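First comes one chain, alone, set out as structure tokens in the form predicted alone.
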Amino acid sequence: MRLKLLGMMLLASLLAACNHSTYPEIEQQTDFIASVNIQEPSLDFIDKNGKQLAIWPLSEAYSGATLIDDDRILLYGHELDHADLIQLSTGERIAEINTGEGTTNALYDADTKLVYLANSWTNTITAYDIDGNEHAKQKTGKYPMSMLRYEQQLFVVNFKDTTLSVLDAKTLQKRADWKIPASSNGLLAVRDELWIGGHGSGSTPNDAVVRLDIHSGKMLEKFKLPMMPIAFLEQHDEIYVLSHGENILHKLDVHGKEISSEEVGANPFALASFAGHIVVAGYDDHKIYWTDGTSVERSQTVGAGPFQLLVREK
């Protein structure tokens, strides 16, 4: 009987181990850019020279990820009821967070040491500590998605609504709701302004960026930037905006005046700054493009459907 019990315990432990993959290790001191691919879920880790450090074939239908400090990555999926916290230097899962289905986005803030998860089913933002313990929760508008932490506030764009929720970054208490266009997406703090892009609604694609006063929510300007400007990045007082409806990378000054534009990728969704380059992910052609911010320098193939770019650079 005792031997039978031990055998059953061993089998249970083996089955548990099989349910959660162990991934190739990523050395803790290595800088990388990671492509989060969602058509066939995987992660490509690439160093500053374009060398492939590792490929993680993901075991579940993850649709996004965020880095936590220097050695953890959180993987989540809109159709999954949980998120997994993986240690990069070992490739092992260290925690599972019961999120419920509907996670649209995750954001880690190094100042508060909190991970914010947006959920489109419950229309909430939930904050967790770095070990996955729930810290606070707050209702938002419909389909919260884009998030930005600025000073003591968390800005949340409600994609299927016409409001932006302004929350306290630590407690998640609601401070305000600001009026924004429907189907907004993408956020950037530029000096004392909040820049917001979007897809557009119905059959009308968005072709503009809205600039709000970051303290009051008052609209300052709405300037044309076709088509579907959805991703933003600031680098050395230059603003990069990705218009995924036209496959264009725009470079602007801090006042919104265009400096240059360049066609890059097929249906690009994400851009990031890494190793002195502006890197763009082409969702439909399964490539990332290394640019100098004005023109494409080189490209390389990654997994199917690169949707996010994560950077660890010390």
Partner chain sequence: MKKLSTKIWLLVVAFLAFTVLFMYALTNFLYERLYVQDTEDAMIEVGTKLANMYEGGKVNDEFVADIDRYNIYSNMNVFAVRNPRELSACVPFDIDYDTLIGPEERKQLVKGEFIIKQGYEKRFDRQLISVVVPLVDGERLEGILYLYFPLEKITELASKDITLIAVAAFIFLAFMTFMTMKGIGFIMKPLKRLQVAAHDMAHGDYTTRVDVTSKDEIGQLSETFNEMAAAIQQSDEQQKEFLANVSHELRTPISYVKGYSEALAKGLIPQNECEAKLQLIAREAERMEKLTTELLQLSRAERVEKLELMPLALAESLREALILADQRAHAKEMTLTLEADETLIVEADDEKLKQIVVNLIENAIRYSEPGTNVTVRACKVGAMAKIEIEDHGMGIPVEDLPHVAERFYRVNKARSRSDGGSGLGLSIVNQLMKAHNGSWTIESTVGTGTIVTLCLPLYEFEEE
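None of the values given here were measured: they were computed from a predicted structure. Positions refer to the first chain, counted from 1.
Keep in mind that the form predicted in complex with its partner chain is not shown, yet the notes after this line are about it.
Residue heavy atoms within 4.5 Å of its partner chain in the predicted complex occur in exactly one stretch of 260 to 268, 23 to 31, 48 to 56, 66 to 74, and that stretch is 260 to 268. By the criterion of a heavy atom within 4.5 Å, N247 is counted among the residues contacting its partner chain in the predicted complex. Remark: W178 does not count among the residues lining its partner chain in the predicted complex, judged by a heavy atom distance of 4.5 Å or less. Contact check for L252: every heavy atom lies farther than 4.5 Å from its partner chain in the predicted complex. Contact annotation: G200 falls within 4.5 Å of its partner chain in the predicted complex, judged by heavy atom distances. Residue P205 is the only one of G141, G102, P205, G217 with a heavy atom lying within 4.5 Å of its partner chain in the predicted complex.
In the predicted complex, I38, Q39 are the residues of 23 to 42 with at least one heavy atom within 4.5 Å of its partner chain, listed from first to last.
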